[in-house]
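Shown below, as structure tokens, is a lone chain in the form predicted on its own; questions about how it binds or moves come after it.
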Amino acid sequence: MTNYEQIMKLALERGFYFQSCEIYADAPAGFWEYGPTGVNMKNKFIELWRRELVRRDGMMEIDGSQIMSRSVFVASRHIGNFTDPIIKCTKCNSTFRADRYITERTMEKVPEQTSDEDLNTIIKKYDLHCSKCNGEFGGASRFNMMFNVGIGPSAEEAFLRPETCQTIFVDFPRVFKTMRGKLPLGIAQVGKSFRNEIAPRQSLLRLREFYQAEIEVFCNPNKLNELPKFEEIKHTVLRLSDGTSFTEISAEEGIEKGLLPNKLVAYYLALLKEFYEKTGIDIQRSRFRRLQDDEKAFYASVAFDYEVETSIGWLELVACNYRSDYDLKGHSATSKQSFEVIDSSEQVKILPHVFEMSIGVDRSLYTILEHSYFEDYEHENRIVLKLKPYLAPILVGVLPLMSKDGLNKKAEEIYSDLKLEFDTFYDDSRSIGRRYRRLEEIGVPFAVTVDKITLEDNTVTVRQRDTMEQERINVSKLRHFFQEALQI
């Protein structure tokens, strides 16, 4: 069983996530739902993101609409450009994403921007046929991945947003004005985006409805190297890659050697690295890969993908794009509204440029689970999720050694007190060993065991998940103990 399969089994059995509408045979692919443990972990991941990026950098957060007018996507050019190449079988009508189909069957890497004509040439070169019926393929064409919706009785055309950032761009003038913004200004948003993927697969890794935690930094393009707070991170070591080799280098050296374009980009890449280090992901299995021209999105002039190695290959967790003035210029031209603002340091009007950090929340959570998954062969092959305490869906389990002699009543009292401040779980079912194992499987860092000694001196046993070490602590000191454990 691969790590991916192990995580899937754990996710389904322990309430992390599962397919939407799974009880029905016609449940559409690409839609997954979080269970109780998954929701807790997701919320804590987002709160860590807010702490380490949004609040640390003095950013502002909005919550925008998921349905947006057609004009938005005319301005952003998603109407014509947000497409994937597809090929259809002329015999059974099966549809495949062309570039991935070619790569999977020939091992030839096909850039995303490859033209339809070139795709047809490659298909002919390798004499590729439909994998389902061996039929011939028709010519490659383009499929727009946005979900179209009709508003009201007249079915006015609108779209589910394919990325959360367009809300931020459209709202930028009002937010800048009402919040007395100063450049550089970061505006953040957490929410759902929707993409009509051709072949969604691998649970949280390729979805049609997914969470993004997105940050857009609006900046003066003439001052990308005038950033005093760069001094805070100039020694932070980044793992930079061209896709084949790695360079470990400080942010400051990366700029000096031309591997990073400017201080602003380097600063935010360093913040991202420090953030993901706190999630428990193995940083030595991560990289910032600079994208080639044929890989970049249509709106990006410079792009880095933050990727992490998993059991199914390198997985993109964050898209880091320098979008220049592409979006603001497009919305200004289409809406006939000015997006220029005053840069207070110079008292001149400018059209800001934008640097983007778009985090895939679902992919990040999967990767954290995989990197935290541990099989302890020395102790009855126990399965342990070594999650950071501040990301664990439950911090502490309260367990009476037995459900009699007043132990369960005392345990319930402790549980009632702790749950007011911490995510706490009460369990008195089956043997104490089995209860420990259930907690370990979902990453609970601590177990409080109430035994007969508790009734004598008001102390309990606190068991550590990773080491299985135990110590006796007075019940009155439990709150302080767990507060300390939650420190980042």
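Definition used throughout: the rigid core is the maximal C-alpha set that superposes within 1.5 Å between two forms. Note that residue numbering begins at 1 and tracks the sequence as displayed. Keep in mind the model is a prediction, meaning the values are calculated, not measured.
Separately, the form predicted in complex with the RNA exists; it is not shown, and the next lines address it.
- With the partner omitted from this view, the residue of Gly191, Pro261, Gly186, Pro162 that lies near the RNA in the predicted bound form is Pro162 [heavy atom within 4.5 Å].
- Contact with the RNA in the predicted bound form, defined as a heavy atom within 4.5 Å, holds for exactly one of Val110, Ile283, Leu401, Ala300, namely Leu401.
- Not displayed here, the RNA is kept clear of Leu227 by more than 4.5 Å at the level of heavy atoms in the predicted bound form.
- Though the partner is left out of this view, Ile394 does not reach within 4.5 Å of the RNA in the predicted bound form, counting heavy atoms only.
- Taking the partner from the other structure, the RNA in the predicted bound form has no heavy atom within 4.5 Å of any heavy atom of Ile151.
- Contact check for Arg435: a heavy atom falls within 4.5 Å of the RNA in the predicted bound form.
- The stretch from 120 to 128, 243 to 251, 347 to 355, 88 to 96 that comes within 4.5 Å of the RNA in the predicted bound form, counting heavy atoms only, is 88 to 96.
- Residues of 9 to 23 lying near the RNA in the predicted bound form, listed in sequence order, are Lys9, Leu12, Glu13, Arg14, Gln19, the criterion being any heavy atom within 4.5 Å.
- When two forms of a protein are overlaid on their rigid core, residues whose CA moves 2 Å or more are considered shifted, and Glu104 is one of them between this form and the one not shown.
- Once you line up the core between this form and the one not shown, the Cα of Arg142 ends up 2 Å or more from where it was.
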